[in-house]
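Take a look at this single chain in structure tokens; it is the form predicted on its own.
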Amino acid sequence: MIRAGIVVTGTEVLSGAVTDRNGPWLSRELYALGVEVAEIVIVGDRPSDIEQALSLMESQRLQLILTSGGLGPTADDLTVQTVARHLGLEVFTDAELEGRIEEIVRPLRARRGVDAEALRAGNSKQATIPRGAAILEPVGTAPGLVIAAGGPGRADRVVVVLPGPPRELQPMWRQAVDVEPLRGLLAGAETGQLRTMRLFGVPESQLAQTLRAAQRDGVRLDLLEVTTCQHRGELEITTRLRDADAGIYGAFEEMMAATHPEELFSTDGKSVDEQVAALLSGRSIAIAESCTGGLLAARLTDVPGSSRYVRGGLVVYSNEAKVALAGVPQELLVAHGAVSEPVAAALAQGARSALDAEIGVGVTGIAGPGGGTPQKPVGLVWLSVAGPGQQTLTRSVRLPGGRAEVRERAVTVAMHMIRRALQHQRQGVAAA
């Protein structure tokens, strides 16, 4: 299998000011092409650190190295010069490329205060490339490069130099796969599959026990690359496999479905957000939130096209807002308190009524760090989903973690309650 390394450059990424999106994205793209990513290294803008990362990857005999970032016109953007020096390649200013960059930045010249000489110098810098490199046309102002590092006409080692902004890197990568010598290198790759299952309500320790049981029952997990991680209170199982091992993965999936029939909610990789969006087609939903402060409404509306089914949301943090906006009876608040089953159900019904929606959701809880009591501790959240007629699903959960974790996990629980309520409604309609 072809193995690759990714060097993400940028002091802003290394310091944590910016989150790296390029490394994981490129890793997924490469695996789909049959390339195994051995490592992703994040370094600052210092040339010595970039060269050290390149040397490390060469020492591991990686056939493909990708860099992202450091292609801009400023003095600290030194990736191209560093890669060229490391590979022992002469650089020159490509006049035609400089002209194309000049056309891209021409509108900037009309702006007041723009230094024309600095603009020309930046264009020249970005058009200075190693001899023999294949040019990837700029998506912004910076070109990318594909370099045969093994020597002229050889494709045993390839370096691809890409820009940092994801909006530029992603379309440029799609150019790169059709450019020699990368195209020739990828022709020898063995394609595989990347499959994802998602579970909700299963602890990692129980999943580990399930995986051990699968191996005891003869499922050849040793031939699959199975990784698990917690994400938003869910368990995500990602499996990399060769096409030849698809039958083994099928047996693994069947075993998971038999062992966790209620908890396994996705075998095609779709998130609960995507599933809820599909189930809400032709319906409408409204939300009344207290402790989550609008996070559930934000998550529902993260999905493109959500305006077709999300009527709106009420953030009813105070008791007065619960009464005035969601129509919660004052006597319920007095008798049971804001964090209670009756109030959660009243919030769900109130959201439906106030915003004229088919489905209403209510969330109320104690996110902390203060405000808890022995009867109602920090992390207690009541949730309710109300459908047509008297169909209401209400439950409480005790969520671990700090304030942010409690709020995020409460939203995930709410999403799964919505999914289950909608599935039951659909099954009921089908049965009728």
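Each residue number is its position in the shown sequence, starting from 1. Computed from a predicted structure; not experimentally measured.
Separately, the form predicted in complex with a further copy of the same chain exists; it is not shown, and the next lines address it.
Engineer: Would you please decide whether residue 14 lies within 4.5 angstroms of a further copy of the same chain in the model of the complex, comparing each non-hydrogen atom pair?
Structural biologist: Residue-level check for residue 14: yes, a contact with a further copy of the same chain.
Engineer: Report whether the minimum heavy atom distance between residue 377 and a further copy of the same chain in the model of the complex is within 4.5 Å.
Structural biologist: Outside the cut-off, so no.
Engineer: Please determine whether residue 398 contacts a further copy of the same chain in the model of the complex, using a 4.5 Å cut-off between heavy atoms.
Structural biologist: Taking the distances in the model of the complex, the answer for residue 398 is no, it never comes within 4.5 Å of a further copy of the same chain.
Engineer: Since only the chain is shown here, I'm wondering whether residue 243 would be in contact with a further copy of the same chain in the model of the complex (any heavy atom pair within 4.5 Å).
Structural biologist: Taking the distances in the model of the complex, the answer for residue 243 is no, it never comes within 4.5 Å of a further copy of the same chain.
Engineer: Heavy atom within 4.5 Å of a further copy of the same chain in the model of the complex: which of 202, 255, 325, 332?
Structural biologist: Here the answer is residue option 325.
Engineer: Are all three of 41, 311 and 321 close to a further copy of the same chain in the model of the complex, meaning a heavy atom of each within 4.5 Å?
Structural biologist: Verified in the model of the complex; spot residues all in contact, yes.
Engineer: I need the one stretch from 156-164, 205-213, 172-180, 131-139 whose residues put non-hydrogen atoms within 4.5 angstroms of a further copy of the same chain in the model of the complex.
Structural biologist: That would be 205-213.
Engineer: What are the residues of 48-76, in order along the chain, with a heavy atom within 4.5 Å of a further copy of the same chain in the model of the complex?
Structural biologist: Contacts from 48-76: 49, 52, 56, 59, 60.
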